[in-house]
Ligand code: TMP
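Single chain ahead, by itself, as structure tokens, in the form predicted alone.
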């Protein structure tokens, strides 16, 4: 049953038994690992694409949550530019107030804080919330829902802007979120959020975007339908070249603003491309199976030739790839990552060791699977000596290739 409208949900792919994507393991704790079924479907009534099984939020977002929004130079710049634009377009009056749902380590809000903007981050993961506080960001360490919004508006007043990045798709209970927005936002307030775009996932066969934390996979049409149920409408939309393709949606209460031409244009494009149709999901499923076959065959062939293979980027996405494809230490020696909290741990499910990125040079391997493909340009520039030494990158989005 659809979590948004209650309609029937038709499954279009089952990735099988999967671990929590960000639950990196101590080598002596592998017996305690939690698994769930990762299957995805689309509502036949409202068109919302969603997971069929929900993982309890406390299992995913907690004190030791390892993802840091500011971990990439490219993303730091993205959020700094976003802060400037949000301030310019939405913050007017003598004392505007901004709330960010899922502020993580505060990379966006600290830019506003430096400008003296009154703000509050809502972040349930205690570790990254504390990092935000250390940067001068005010943070409430809770999950955002209707009750949270009511308390914020009582204590701080209404918000001129609520912003969220890569978080709304994590929240199954959108009904409570929208009721909270209705409580929290000022009459002319705006809700701006950005999340992975289903259209890009289908077009690029980027199936690794599907994992436990990503409960919803949005299109403009499905977001518009969900917003309308709670008295909101999409008044602007913008494509973003981050995280493998995202959309930034701007919502206001219905009738408060005239939608930009971009909204109708993208709706027409989604219809023209058939995004979210049974045919689009069938083509995606065939592409996923093709990538699995080609990637595992390539790794077996290289291993048979005595090649050293590592991975680059112990990402949440990589959990889906390694576990669905059955890739373990017999195929990939280790995966390197910039996040210190992951070093010395094992990858979820696959139990591939995680090392610092400096390990790439001791000595350089023959091949590296680029799990963090959404940061390819930044990583390849940083690791240019790997290629100059004869190393080759393996990518699998949109198809399996050796660069």
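Residue numbers count along the first chain shown, from 1. Computed from a predicted structure; not experimentally measured.
Omitted here: the form predicted together with thymidine-5'-phosphate (TMP). The next part is about that form.
Visitor: Is it the case that residue 392, even though its partner is missing from this view, gets within 4.5 Å of thymidine-5'-phosphate (TMP) in the predicted bound form, heavy atoms only?
Guide: Result no; residue 392 lies far from thymidine-5'-phosphate (TMP) in the predicted bound form.
Visitor: Looking in the predicted bound form, any heavy atom of residue 379 within 4.5 Å of thymidine-5'-phosphate (TMP)?
Guide: Looking in the predicted bound form, residue contacts with thymidine-5'-phosphate (TMP) include residue 379, since a heavy atom lies within 4.5 Å.
Visitor: Can residue 40 be called a contact residue for thymidine-5'-phosphate (TMP) in the predicted bound form at 4.5 Å between heavy atoms?
Guide: Looking in the predicted bound form, residue contacts with thymidine-5'-phosphate (TMP) do not include residue 40, since no heavy atom lies within 4.5 Å.
Visitor: Looking at the partner-bound form in the predicted bound form, is residue 375 within 4.5 Å of thymidine-5'-phosphate (TMP) by any heavy atom?
Guide: Yes.
Visitor: Within 4.5 Å, heavy atoms only, one stretch in 310-318, 149-157, 284-292, 182-190 touches thymidine-5'-phosphate (TMP) in the predicted bound form. Which?
Guide: Contact-bearing stretch, as computed: 310-318.
Visitor: With the partner absent here, would 174, 252 and 256 each sit within 4.5 Å of thymidine-5'-phosphate (TMP) in the predicted bound form, counting heavy atoms only?
Guide: Looking in the predicted bound form, the three residues 174, 252 and 256 all stay beyond 4.5 Å of thymidine-5'-phosphate (TMP) (heavy atoms).
Visitor: Can you pick the one in 260, 135, 72, 277 that has a heavy atom within 4.5 Å of thymidine-5'-phosphate (TMP) in the predicted bound form?
Guide: Looking at 260, 135, 72, 277 one by one, just 72 meets the 4.5 Å heavy-atom criterion.
Visitor: May I ask you to choose, among 46, 55, 338, 359, the residue with a heavy atom within 4.5 Å of thymidine-5'-phosphate (TMP) in the predicted bound form?
Guide: Exactly one residue meets the criterion: 338.
Visitor: For the stretch 217-247, return the residues whose heavy atoms include at least one within 4.5 Å of thymidine-5'-phosphate (TMP) in the predicted bound form, in the order they occur.
Guide: Sequence-ordered list has one entry, 243.
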